[in-house]
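The form predicted alone is given below as one chain in structure tokens.
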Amino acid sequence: MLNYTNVITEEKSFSGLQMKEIRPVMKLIIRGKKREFLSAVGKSLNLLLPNEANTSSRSENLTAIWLSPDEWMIYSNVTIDSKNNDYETENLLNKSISKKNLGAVTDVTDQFVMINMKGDKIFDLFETGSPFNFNDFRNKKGSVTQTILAKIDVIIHNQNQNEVNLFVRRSFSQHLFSWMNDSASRL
């Protein structure tokens, strides 16, 4: 049984920016190269993996984000039971991928914290602590980037122009949230 504790216990709201941890959300990293791997994922989850760099795809229950040519993160679009870490999605992928030696499935639910951010000042905040140029990114719904924010590795998934999901490793999440809170108060 999962003993999930929230790292970020508060929601923050500023003029033009709201931030909160979305919890608990299932997160899996899958890796594979073969055509059979891509086919097995598609059939198991009814979701096509994005094959272009820095893009995503979405179904009713799951979102897949491209991380590298042979690596994707799949996360649930809705929160899940916090008292259980046995995920149907993981079981389906293990059966259709891992057991057939087509690729690997790794549960990273506890490794990454997902912070949902809404508002028209999201990218103003990001630009204060990241070398990444967000000019094109902000207008591409579904785009994904892996970058540095306040000297911390993050994955940013653009939901639409004024909403993003930010993934950060749990051990850095409190520091990053504190930095974002401090920086947002000065925007």
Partner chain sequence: MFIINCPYCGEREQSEFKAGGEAHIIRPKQPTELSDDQWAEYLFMRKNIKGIQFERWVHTHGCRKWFNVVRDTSNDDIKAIYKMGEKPPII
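Numbering follows the first chain given and starts at 1. Treat the numbers as computed from the prediction; the structure is a model and nothing was measured.
Only in words, not in the display: the form predicted in complex with the partner chain, which the text now covers.
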- Please state whether all three residues 37, 50 and 98 have a non-hydrogen atom within 4.5 angstroms of the partner chain in the predicted complex. no
- Could you check which residue among 146, 44, 162, 61 gets a heavy atom within 4.5 Å of the partner chain in the predicted complex? 146
- Query: Is there any non-hydrogen atom of residue 71 lying within 4.5 Å of the partner chain in the predicted complex?
  - Reply: yes
- Query: Contact between residue 31 and the partner chain in the predicted complex at 4.5 Å, heavy atoms?
  - Reply: yes
- Query: Does residue 67 make contact with the partner chain in the predicted complex, using a 4.5 Å heavy atom cut-off?
  - Reply: yes
- Query: Can any non-hydrogen atom of residue 153 be found within 4.5 angstroms of the partner chain in the predicted complex?
  - Reply: yes
- Heavy atom within 4.5 Å of the partner chain in the predicted complex: which residues of 122-137 qualify? 131, 132
